[in-house]
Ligand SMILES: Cc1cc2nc3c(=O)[nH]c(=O)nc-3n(C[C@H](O)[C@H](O)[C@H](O)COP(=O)(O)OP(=O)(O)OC[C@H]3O[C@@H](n4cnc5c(N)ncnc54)[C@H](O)[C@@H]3O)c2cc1C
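Heads up, the chain below is alone and in the form predicted on its own; it's given as structure tokens.
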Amino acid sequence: MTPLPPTPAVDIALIGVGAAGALVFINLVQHSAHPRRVALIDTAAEPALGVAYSTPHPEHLLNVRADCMGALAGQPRHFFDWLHTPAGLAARTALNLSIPLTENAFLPRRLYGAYLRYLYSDARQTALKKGWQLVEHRDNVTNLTPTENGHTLPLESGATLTAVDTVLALGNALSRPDSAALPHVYTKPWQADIARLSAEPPAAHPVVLIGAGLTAMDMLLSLQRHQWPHGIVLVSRHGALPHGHLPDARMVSTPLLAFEDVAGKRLSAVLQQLRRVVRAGHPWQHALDSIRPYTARLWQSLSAKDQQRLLGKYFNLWGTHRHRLGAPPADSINELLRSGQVQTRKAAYKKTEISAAGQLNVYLSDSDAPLYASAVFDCRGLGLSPRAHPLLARLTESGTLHAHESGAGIRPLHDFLLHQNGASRVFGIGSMLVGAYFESIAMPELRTQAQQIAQALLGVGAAEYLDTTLDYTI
């Protein structure tokens, strides 16, 4: 760690060095012709992973084909090709992975994490060799205050940074239950010691999973792997689970719906067009995949009312169809459901309390009686409101940033620029841009956003985001 003077000034401050922040840094190093002074600020013990790729569990797989997960814009095969390099082979050996490496494989997320760490470490070493000054801090930024020549960034530790430009790469803000401090209530499910929980269950009651998205599917797979001895209750307001990919998970080669077929139409008309494609005999997966290249433009062509409807009424439906499972985990989950070990409850979660005897009681909207639980996992996924992240909440309250009209994330001035103070700028990447672009958390978007933010910071120029052809994949 580089020791900090009281108020060091840097050219660029990266707030968050998870997957998205690491990609911005990697692109800065690749595209910069001159050394820079960069602050890298994150509380995580390991950079480049974030929530998605920090899971240690081998059963947690990518839900995208291996040959589509490249972290660099314009190079979707980069991850798959890296796996065959000496560094990739070393990573596979270190993780004791002997799985087949086919292009259409759904590989462990911890292997992808090793890939991101390698890219970040390589960029860091390159930067230092070229004379970059890196100020690395395991800390939280508590505010961002515009000044005459940049921004002041107070840290939780009491130190202060000043930066000319700042990038907010805050990752995915997770929903948190009111009972986060209770024993055996896990607000970060991937960090739970499920092996120990299964070997020494605190009670002969089921595990309760709040939510039914991909996080809940991860937990089902881990509980199955470690032979959880009791039942599992899956709680979801809509009751729908993620669907699986088709055996061939590639994008359709010829789009079934052109942008002109749906642009500027009401949401109901867009849905009718999708149904028309399915009635013509095409799989619904192909119908949905065919709008992926222009989802952001389609989203922006909707009225504010339809955007709110999609985020409210249809967001879970979109999620279960758009964010799919690969074949191996989908088969395992279907096996669990057939076994009867998993019970689904179509209800809203209300609260969790602990009795005088130490029993976890979960209250749901479909009954006044509590559900007795051995453990509770909060799997409710993203918090889309700026209020879900303390820093974004503070910056929107102060008027430095502005919430998007849809209620999801931040409204950019344009592209990824969130705030400008003279020559000083604040950029954002990832889930905070869901309101602006709708699709903003998957690797095809992140790798393109990272490249264009880096180019904007360096002044080397880039096409506007929506005019850039995404090397999209599902």
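Quick caveat: nothing in here was measured; it's all calculated off a predicted structure. Start at 1 and count along the sequence shown; that's the residue number.
Beyond the structure shown, there is the form predicted together with the named molecule, which is absent from this document and is the topic of what follows.
The three residues N27, Y115 and S121 each lack any heavy atom within 4.5 Å of the named molecule in the predicted bound form. With the partner omitted here, the stretch from 193-201, 80-88, 132-140, 93-101 that lies within 4.5 Å of the named molecule by heavy atoms in the predicted bound form is 132-140. Using a 4.5 Å cutoff between non-hydrogen atoms, V207 does not count as a contact of the named molecule in the predicted bound form. Although the partner is absent here, N172 sits close enough that one of its heavy atoms falls within 4.5 Å of the named molecule in the predicted bound form. Proximity of V362 to the named molecule in the predicted bound form falls outside the 4.5 Å heavy atom cutoff. Among residues of the shown chain, A408 is not one whose heavy atoms approach the named molecule to within 4.5 Å in the predicted bound form. For the residues D289, D378, D218, D306, the 4.5 Å heavy atom test against the named molecule in the predicted bound form is passed only by D218.
Proximity to the named molecule in the predicted bound form, defined as a heavy atom within 4.5 Å, singles out one entry of R109, H151, H184, H404, which is R109. Residues of 28-57 lying near the named molecule in the predicted bound form, listed in sequence order, are I41, D42, T43, A44, L49, G50, V51, A52, Y53, the criterion being any heavy atom within 4.5 Å.
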